[in-house]
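The form predicted on its own is given below as one chain in structure tokens.
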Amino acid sequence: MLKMRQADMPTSRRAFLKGAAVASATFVLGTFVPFGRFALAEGDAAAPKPVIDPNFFLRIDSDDTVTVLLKHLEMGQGVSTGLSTLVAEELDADWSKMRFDHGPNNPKVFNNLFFGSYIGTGGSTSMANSWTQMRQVGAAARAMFVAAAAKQWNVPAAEITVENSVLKHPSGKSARLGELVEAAMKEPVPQEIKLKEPKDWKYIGQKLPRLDTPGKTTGKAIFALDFRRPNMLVAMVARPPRFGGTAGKVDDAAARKIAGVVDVVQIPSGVAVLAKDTWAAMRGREALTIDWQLDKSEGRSSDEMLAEYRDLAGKPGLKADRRGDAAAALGNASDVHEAEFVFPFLAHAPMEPMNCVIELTKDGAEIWGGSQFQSIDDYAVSQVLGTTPDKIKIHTLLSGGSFGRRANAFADWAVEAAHIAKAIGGKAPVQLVWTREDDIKGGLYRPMVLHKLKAGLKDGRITGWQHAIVAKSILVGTPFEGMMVKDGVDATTVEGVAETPYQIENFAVDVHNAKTEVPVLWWRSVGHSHTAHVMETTMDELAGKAGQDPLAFRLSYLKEGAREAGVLKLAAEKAGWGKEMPAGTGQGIAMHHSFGSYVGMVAEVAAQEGGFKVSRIVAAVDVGIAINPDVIAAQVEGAIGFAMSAILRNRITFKDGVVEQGNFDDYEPTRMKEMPVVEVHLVTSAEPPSGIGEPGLPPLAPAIGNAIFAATGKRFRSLPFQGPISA
């Protein structure tokens, strides 16, 4: 098999073919699709077209194995199966021969087409931005193999068919893909590619088995935490107990006496202990005595922060959305509904905490890890090492979850590793390991958020809506500020409220950017993780005050034919909305649009002594064309399982500036016994595919909360749902 380092790749296909020679018996395809940058805000100009680069998108070996090089991180969401499906469909490959690997951090080829010239996985964009591109990769490869066979057999290319990796001609001639790799390498990449019609799809829309399952089941899959380099040292970092603190005087004498400890170095984020194994590094860290400088740190409790939020909410804020005159409309209302919603800080808590391996080279570094934003990680590391991003080679490995944690504008874990490697002069490869306590007590969090609103009713209709949101901005002060912050308004704070699909004539949204040293980051579904609950709970409450059915009330505020209405109706139909429920039980409905997708949910709950039990969730999902219905259903089920813990109990709280939670004993994941029966129904659609990694989360909390109210008359606005409940 041909193996080439990214830095060794020649600059033209002609030179590449000449240098690689065709003796390698491996077909290598580089291509591009002229997509522009994702329109993050209305009026954004498209980015320049990508350039052709002779890099890998797929490899086909002599044994017919087709390996798709992913430009997106596989972190459990099934992107490896989805991207490979698109290639296999147009290539007419045998699915049993499909494999995957992660591509290099070469932004000329592996960039996210919605992110412009950057490589990154996020915003549930993986399949949406790859939909045409990866099908073109497969179709181009197929055309090159067909052209090669036509020359060998001296027959018209149009007479050759391909099925399950076998090329055939009516004359009886046939060949496997693997037998033609040398000849196909000599063919030019076609400039015009015809893709299959939907009626001819064999794989798209089918429940193909996931490609990442066998390796994860057998233990052969290599995650970042599994990776080792010769003579590698393990590093663990002691970080300040409060955010904004720094290390002063350090006494490391006791740490250096621990067997296996090799070195102790101070870095910007704290003090790192390097050892021959993880246990020694952990014990060495515990033995450190550090004089922490906390005079500029966050020292408040959660309640003190919330008090400041409430004070801000009562003042005029930045204008996030304006329609009509909300204040005047509220003055004309016969009934004014007021509500407050509070959402706590939340940790991402992926099963595999932050980690990576770094090894310095003569002019840069190599990194092995679950990199989610390679173009940010290589840039940030290059700044630490005093080099350029092209000198940082990232080997992307499987990741045990993320939920947004591995994709941050600061590349905190990669930067820490770079500082440590630099501090020891690159004398050994370094594996940085965060414990779960490190990440829960000292990571980055979904912001704490306060919503306060007033909504007026008159004659059963909403007359006006005033809404204030207070939260620390995720994007202000980051490289993303220029794209997603306008006039001080962070789009991720107000998404799902501002520009709501509900046709409310008099609507005003203000936002306040709170200040705190606590670092914040997008968490699964980002702002939608709180805005959906506010909107859908309030719509339910207003429907009740207007004496109307919650479903009918919502539909009356949606445009005719809206996709939001489609998922509401389908979820209601499949759940038997409005059916008679036993005493102490109830149904609740909610919908939300996020990341280009539409999800409606009906929850069924039963009151129990001391709480409630969610027994059933019926979800209707519109993601456009469903590439793999089974992966879509799994993502919705996973989002429900992930979100249930935040609905039932989880929160990050502060006492004197110190995080009170630390591990899964007091930041407890959802248990199997708590999972409801989940049904996922797909809306048939011909629209291009959209995301599904995140959209399954937002409607869950309001659907459950509305069901609790239907069952008991108890209304939960803030999360988590805690307090007395009775049937």
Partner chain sequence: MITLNINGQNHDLDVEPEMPLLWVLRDRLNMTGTKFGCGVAQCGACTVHVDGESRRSCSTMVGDVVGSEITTIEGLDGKVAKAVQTAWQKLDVVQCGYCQSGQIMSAIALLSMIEKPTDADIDAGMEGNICRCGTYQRIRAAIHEAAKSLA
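Positions refer to the first chain, counted from 1. Just so it is clear, the structure is predicted and the values come from calculations on it, not from any experiment.
Quick note: we don't show the form predicted in complex with the partner chain, though the next part is all about it.
Trainee: Pick from 195 to 203, 342 to 350, 456 to 464, 471 to 479: which stretch has a heavy atom within 4.5 Å of the partner chain in the model of the complex?
Mentor: Only one stretch qualifies here: 342 to 350.
Trainee: Is there a heavy atom of Thr670 lying 4.5 Å or less from a heavy atom of the partner chain in the model of the complex?
Mentor: Although the partner chain is absent here, Thr670 would touch it in the model of the complex, with heavy atoms inside 4.5 Å.
Trainee: Just to confirm, Pro214 within 4.5 Å of the partner chain in the model of the complex by heavy atoms?
Mentor: Pro214: yes, in contact with the partner chain in the model of the complex.
Trainee: Report whether the minimum heavy atom distance between Val658 and the partner chain in the model of the complex is within 4.5 Å.
Mentor: No, Val658 stays farther than 4.5 Å from the partner chain in the model of the complex.
Trainee: Check Arg310 for me: does it contact the partner chain in the model of the complex (non-hydrogen atoms, 4.5 angstroms)?
Mentor: Because no heavy atom of Arg310 falls inside 4.5 Å of the partner chain in the model of the complex, the answer is no.
Trainee: Going by heavy atom distances of 4.5 angstroms or less, which of Ser382, Asn513, Ser556, Thr278 would be at the interface with the partner chain in the model of the complex?
Mentor: Selected residue: Thr278.
Trainee: Which pick from Glu182, Asp630, Glu359, Glu541 sits with a heavy atom within 4.5 Å of the partner chain in the model of the complex?
Mentor: Contact check passes for Asp630.
Trainee: Residue by residue through 193 to 210, tell me which have a non-hydrogen atom within 4.5 angstroms of the partner chain in the model of the complex.
Mentor: Lys207, Leu208, Pro209, Arg210, in sequence order.
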